[in-house]
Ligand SMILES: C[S@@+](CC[C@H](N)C(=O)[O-])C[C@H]1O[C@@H](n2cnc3c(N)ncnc32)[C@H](O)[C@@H]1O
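The chain below stands alone and is given as structure tokens, in the form predicted alone.
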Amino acid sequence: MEKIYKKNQLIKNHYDTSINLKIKDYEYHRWFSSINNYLLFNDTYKAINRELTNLKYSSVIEVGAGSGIWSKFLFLNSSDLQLYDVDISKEMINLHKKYFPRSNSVEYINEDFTLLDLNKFEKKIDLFYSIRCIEYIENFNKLFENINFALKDSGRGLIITKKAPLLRKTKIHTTNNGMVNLKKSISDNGMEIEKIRPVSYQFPVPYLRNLTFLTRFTNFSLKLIFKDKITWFNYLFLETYLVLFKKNAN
């Protein structure tokens, strides 16, 4: 068991340290400090709103909510929402509280979701929600086992996750389980995929990906050509993709 969760602890330590010591304005640093970052934010925002407007939910578990920038869209699409923010990083939870001060609609759980005692959530959750987070989690099978346990029959899951980089290694995206393993873990744990579609693209070569015109051209042209489809070719350029899945009724 120690091997399974060791990398999750690495993520916790990274964010608990970097938020306090290295990053003064996390939201600006992550999403608005460059044109490329803003493009990623905008793509993610559009993809989330497109799906949430078609879903009905009043109870949501969000894993890796971070500072809360994606949580607010849940509230825009539901007038009666109870949100459970599960985050392994205490510092990220503290940032989230700044977005939602004095909110009775958010319960904070500073735990590793794959180790969390979920008995109080058994078949009580309408929606599992995680945006650009599950690529940090080492054990996909345990992740989706827990999701299945918490979801009501016919409950949904909405995930946006990063694809493993082709030509570079990252220290904090430690697992990169991949789309094949993600699909298998969902299916093996009593759920079915309703859709998988691209969210954002980046040029896959290190350093060149930081050139704004190249990223903008790649993103624009591949969206125009492939729209909501993922093929072997545009998968090479894929930065993030969306997965919507459903728990099978027993």
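Treat the numbers as computed from the prediction; the structure is a model and nothing was measured. We number the residues from 1 along the sequence you see. The term rigid core refers to the most C-alpha atoms you can superpose between the two forms while keeping them within 1.5 Å.
Only in words, not in the display: the form predicted together with the named molecule, which the text now covers.
With heavy atoms only and a cut-off of 4.5 Å, decide whether S78 touches the named molecule in the model of the complex. No.
Does any heavy atom of N146 come within 4.5 Å of a heavy atom of the named molecule in the model of the complex? Looking in the model of the complex, residue contacts with the named molecule do not include N146, since no heavy atom lies within 4.5 Å.
Even though the partner isn't displayed, in the model of the complex is P198 close enough to the named molecule, meaning a heavy atom within 4.5 Å? Although the named molecule is absent here, P198 would stay clear of it in the model of the complex, with no heavy atoms inside 4.5 Å.
I'd like to check something about E111: if you look in the model of the complex, is any of its heavy atoms closer than or equal to 4.5 Å to a heavy atom of the named molecule? Result yes; E111 sits at the interface with the named molecule in the model of the complex.
Using a 4.5 Å heavy atom cut-off, which residue among I137, L83, I159, I125 comes into contact with the named molecule in the model of the complex? Of the candidates I137, L83, I159, I125, I137 is the one lying within 4.5 Å of the named molecule in the model of the complex.
Have a look at 100-108, 146-154, 117-125, 68-76 and name the one stretch with heavy atoms inside 4.5 Å of the named molecule in the model of the complex. Correct option: 68-76.
Determine the residues of 130-157 with a heavy atom within 4.5 Å of the named molecule in the model of the complex and present them in sequence order; the list may be empty. The stretch 130-157, when checked against the named molecule in the model of the complex, contributes I131, R132, C133, Y136, I137 at the 4.5 Å heavy-atom cut-off.
If I superpose the two forms on their rigid core, does the C-alpha of Y99 end up displaced by 2 Å or more between the shown form and the other one? The answer is yes; the displacement is at least 2 Å.
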